[in-house]
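Before any questions on how it binds or moves, here is one chain, the form predicted on its own, in structure tokens.
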């Protein structure tokens, strides 16, 4: 892949879908697939799939299609899933705990190495193999373990202070569920914002739009 070529955001956001779908094909022992077969199963055009993959060099052969395992591995490499970036989780409430328990971090590019909360009732509890630590221990922990990323499952009101603390400790990468715009404070950080409410409102719109079309 040409490192100087900027890949569009829509292409990048489709890569995890390719990766997930190809993983399902591997589970079914399917070894080879064409762009046309991929398009039929994924609801994309064959042309779109070829264009997306050509952004990274292209991986198919004329008359052969794609090796499912080979393409799955290549996309995983492009996504950086083999890097195992060290991540810490801020907030051991319902959302944070559910993520720590149910997400297979090591399969999606990260290792969860620490969980923090400022609630005395949560500090000291064990979630999987990690003991929830007090946020007062953040500085020491980060200086000793050098995490690459932080996951914010904290209230919006707590996010600015936590961001400043972690920024000073050198953390520049964030998965943000706090509804606070972290990038507003610092333009040199990488942030992936997740707004569950927004996603549900989009579903609400689609249902309303469909119902409106029926009425018309």
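Positions refer to the first chain, counted from 1. These numbers come from a predicted model, not from an experiment.
Keep in mind that the form predicted together with another copy of the chain is missing from the display, and what follows is about it.
Taken together, 83, 208 and 211 are fully in contact with another copy of the chain in the predicted complex: each brings a heavy atom within 4.5 Å. In the predicted complex, at least one heavy atom of residue 190 sits within 4.5 Å of another copy of the chain. Among heavy atoms of residue 110, some come within 4.5 Å of another copy of the chain in the predicted complex. Using a 4.5 Å cutoff between non-hydrogen atoms, residue 173 counts as a contact of another copy of the chain in the predicted complex.
Of the heavy atoms in residue 161, none are within 4.5 Å of another copy of the chain in the predicted complex. Note on the interface: of 174 to 182, 31 to 39, 161 to 169, 47 to 55, the segment with non-hydrogen atoms within 4.5 angstroms of another copy of the chain in the predicted complex is 174 to 182.
Residues of 190 to 204 placing a heavy atom within 4.5 Å of another copy of the chain in the predicted complex, in sequence order: 190, 191, 192, 193, 194, 195, 196, 197, 198, 199, 200, 201, 202, 203, 204.
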